[in-house]
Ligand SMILES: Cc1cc2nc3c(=O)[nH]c(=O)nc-3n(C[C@H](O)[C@H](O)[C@H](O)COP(=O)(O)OP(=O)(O)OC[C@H]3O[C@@H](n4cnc5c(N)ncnc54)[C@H](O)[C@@H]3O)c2cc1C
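The chain below stands alone and is given in structure tokens; this is the form predicted alone.
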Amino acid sequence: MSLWEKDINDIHFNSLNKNIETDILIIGGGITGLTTLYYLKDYQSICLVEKNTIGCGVTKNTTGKITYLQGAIHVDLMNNINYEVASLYLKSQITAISLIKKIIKKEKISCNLEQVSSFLHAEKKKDFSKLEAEKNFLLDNYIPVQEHNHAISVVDTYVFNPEKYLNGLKNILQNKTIYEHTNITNITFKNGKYYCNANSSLIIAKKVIIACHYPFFLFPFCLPLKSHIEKSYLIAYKTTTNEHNSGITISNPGYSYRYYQDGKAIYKICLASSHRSTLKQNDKDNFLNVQKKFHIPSDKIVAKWSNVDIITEDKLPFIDEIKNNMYIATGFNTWGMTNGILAAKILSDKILNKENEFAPLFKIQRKNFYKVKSFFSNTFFSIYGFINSHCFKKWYPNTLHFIKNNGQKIAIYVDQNNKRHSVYPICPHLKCGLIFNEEEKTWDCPCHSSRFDLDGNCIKGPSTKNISCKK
């Protein structure tokens, strides 16, 4: 469990069990989907569906930072695209911070929002020039910057509890049409409307917003060729002092940290060991690396969990209309809190036919150096991940066994109570082999980040099917 899961409130919604028709369908109940519904709450006919429970997706696995100091992203954008794009992205993130503060203040949402200083560290000599360039870029854009030993900092950034924020939105939106445990498995377009299969029911919608982490369809978007998955490992432990700051390194893989205070309890949340999901798949070792990096005593650990992020070629999200009143928000590049809020505003503005100055920045059809540079590497690692994922992994515990039945591979895990859990260890999405996550007791897809519990129930897409096996 992540540190935030204990704060999910007890407001829940029914599963869809009938056919319905709506003007707007939002798919996904994380920070993007729920905030989009908030902006469109006065719309007469609107519906939101969530595959599992609202707030139990990627949002609960974040660090909960609300910052524009996102590594050296502005230098990268400036060098590989142009200065104007870098400046507009900076402005978009500052605007996102303002948007979320406005919602929290207006609705009086208690979510431990705290203004903190954000630090950017350069641990390696090769990063010193990049740190200097990022500092100069921020100064050129009228951002006050403090200099430290191999680090810079800014003061107007925030941290919060993302689940308490979603709780606040759920309280406000209780009277809207929301369904949990409603899995959209297929969408077809006919006569100007979308026909969306959900469980055994049908939703007919004029407009559809895809606000889930990874779209469950391949075409026409082809996200696997435009991005890759990055997996990170987080540990929260009790400490005695709240330093009222957060930080990140320029280098990748690097590390990230923040503090969180809830009453008298103070925690430090640490992130490290980030990697392409197709590589370095031994989760037990990766969690241990985080513990060693931050010198975390084992008896102080209160939570540890992993997270996956969609990394686009140019480090810019995709927030746009795919086709015919179907919209998408994805590829937030580890900055889901600001970009999730921003996506909600951009997409709701599109629905309401309002201009948004940041919409052109995140268009799906965009051309730049990154697309040429990353296309072949994304293709290579996708193929590599598919092939490598079908090999047995030597770090698997002796409580996990593989057998074959009628030509199908079956994985059997025996838990501490001697109960057997059997699954088909192949992802239904694009047939990648699944990797057993010994630490979190899940089956994870290294290719596109689908996740299944011990009994094969799909708990995270893009897969829309289970891998349950009764053997």
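One rule holds for the numbers: they count along the sequence shown, beginning at 1. Since the model is a prediction, treat every value here as computed from it, not as a measurement.
This next part talks about the form predicted in complex with this ligand, which is not shown.
- Proximity to this ligand in the predicted bound form, defined as a heavy atom within 4.5 Å, singles out one entry of T278, S118, T334, S348, which is T334.
- This ligand in the predicted bound form is approached by T464, whose closest heavy atom lies within 4.5 angstroms of it.
- Using a 4.5 angstroms limit between non-hydrogen atoms, P425 is distant from this ligand in the predicted bound form.
- Contact check for T338: a non-hydrogen atom falls within 4.5 Å of this ligand in the predicted bound form.
- Taking the partner from the other structure, this ligand in the predicted bound form has no heavy atom within 4.5 Å of any heavy atom of Y260.
- Heavy atoms within 4.5 Å of this ligand in the predicted bound form are found in exactly one of 427-435, 408-416, 48-56, 442-450, that being 48-56.
- Proximity of S92, S227 and T312 to this ligand in the predicted bound form is absent: no residue of the three has a non-hydrogen atom within 4.5 angstroms.
- Along 190-217, residues A211, C212, H213, F216 each place a heavy atom within 4.5 Å of this ligand in the predicted bound form.
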